[in-house]
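First comes one chain, alone, set out as structure tokens in the form predicted alone.
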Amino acid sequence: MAPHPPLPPPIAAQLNHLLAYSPLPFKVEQIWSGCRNGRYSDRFTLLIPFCLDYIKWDVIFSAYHPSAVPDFIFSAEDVDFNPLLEAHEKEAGANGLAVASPLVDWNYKDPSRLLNLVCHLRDSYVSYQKKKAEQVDDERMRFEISTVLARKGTEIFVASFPDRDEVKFTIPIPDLEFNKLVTPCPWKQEQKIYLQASFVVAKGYTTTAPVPRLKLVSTQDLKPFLNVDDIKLIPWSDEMCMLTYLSDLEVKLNDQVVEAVAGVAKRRRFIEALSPFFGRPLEADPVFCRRASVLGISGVFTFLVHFSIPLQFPTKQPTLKLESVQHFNLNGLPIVSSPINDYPWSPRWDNTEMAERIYDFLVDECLNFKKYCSEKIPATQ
């Protein structure tokens, strides 16, 4: 595919500011020109984060009039979502300028205006989806919606089909201040855990209350500290509602966070215990203590030992990899062993014994690795 023509400088400045300074992870899917042989591109597809997924909006500028306000094409499924039309109607009516302000105050010389406009439209989309949810014809769902939507940051998405409505809640779990729990804090943005609850509501009369599909989701950068995929969710029972479920879940997650903080300390003590046997680590993860590398020497053979320490440590043992500093493949890369997990291990040992057992194991294993490296070199030629 041929590269797209560049955006005119005023439009490029708007898009670059949006991607650089947005508090939300907006993405650009494609950029193209409205003219077949246009010198400049003037439109792009923007991926809008919403309800732990993305919706697609086309942003339409004019390369011939880059100072003009952009137009938007929303998803075909959201045919009733007309925030720009509503804004113009309010502006023409009873002075509804608060709603229309991102359009009325458009100034192409200010690179922040597109970001302000997109965030404003996204807020309108959140309200639009809430109104759709309130129209779902199910008494139980109306109760859940009226109680859960009061929680700050909750988003809801409704997909309608001929025989059913699918209602998806995304609910942030409050009071988990990860940025204060991990020091030094490695994150620029606030880390969150969300409960995603999806209800399938059959249209027509039914005596069965919908049971949600439940899933925990976290921000990506949180996984080195706490992997929510490893957390077993509380089973849903018939007498539950979302508020009672969330209350129990918050207690469970607080316990998991306490364990995660303790896990960092356990991994740090293990890395410190390597020093008497291997010497000071050449490098180590100073925040989550998930990785460490030490130098090994056996006669004239010198190699590195890379430790990958799991979140479940010490129940689950570290994975080792050996890397020669003397043997290289034809691409000039050091020869590295396969992951090693078949060495003596017990979570009941103290850190000193763990490190000593690994050292004793590597006394023999490094000889096997040296032989492997010597055999590997001619095989790659």
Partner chain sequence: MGGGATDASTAPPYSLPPSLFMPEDILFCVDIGPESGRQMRVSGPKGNNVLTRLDAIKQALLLFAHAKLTMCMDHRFAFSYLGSSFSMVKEFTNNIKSVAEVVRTLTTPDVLSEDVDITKLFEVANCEGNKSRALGHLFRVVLIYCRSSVWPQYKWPAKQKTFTMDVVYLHDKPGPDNCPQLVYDALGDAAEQVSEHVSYIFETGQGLTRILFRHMCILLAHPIQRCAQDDIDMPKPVVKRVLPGGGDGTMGEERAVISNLFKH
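Numbering follows the first chain given and starts at 1. Here the structure is a predicted model, which means the values were calculated and not measured.
Below, we refer to the form predicted together with the partner chain, which is not included among the displayed structures.
Using a 4.5 angstroms threshold between heavy atoms, residue 43 stays clear of the partner chain in the predicted bound form.
Using a 4.5 Å cutoff between non-hydrogen atoms, residue 298 counts as a contact of the partner chain in the predicted bound form. Proximity of residue 359 to the partner chain in the predicted bound form falls within the 4.5 Å heavy atom cutoff. By the criterion of a heavy atom within 4.5 Å, residue 285 is counted among the residues contacting the partner chain in the predicted bound form. This chain lacks the partner; the member of 113, 120, 223, 291 within 4.5 angstroms of the partner chain in the predicted bound form by a non-hydrogen atom is 291. Scanning 179, 237, 275, 82 against the partner chain in the predicted bound form with a 4.5 Å heavy atom cut-off leaves one residue, 275. The stretch from 104-112, 245-253, 142-150, 267-275 that comes within 4.5 Å of the partner chain in the predicted bound form, counting heavy atoms only, is 267-275.
For the three marked residues, 170, 231 and 318, no heavy atom of any sits within 4.5 Å of the partner chain in the predicted bound form. Interface residues of 341-365, taken as those with a heavy atom within 4.5 Å of the partner chain in the predicted bound form (partner not displayed): 350, 352, 353, 356, 359, 360, 362, 363, 364, in sequence order.
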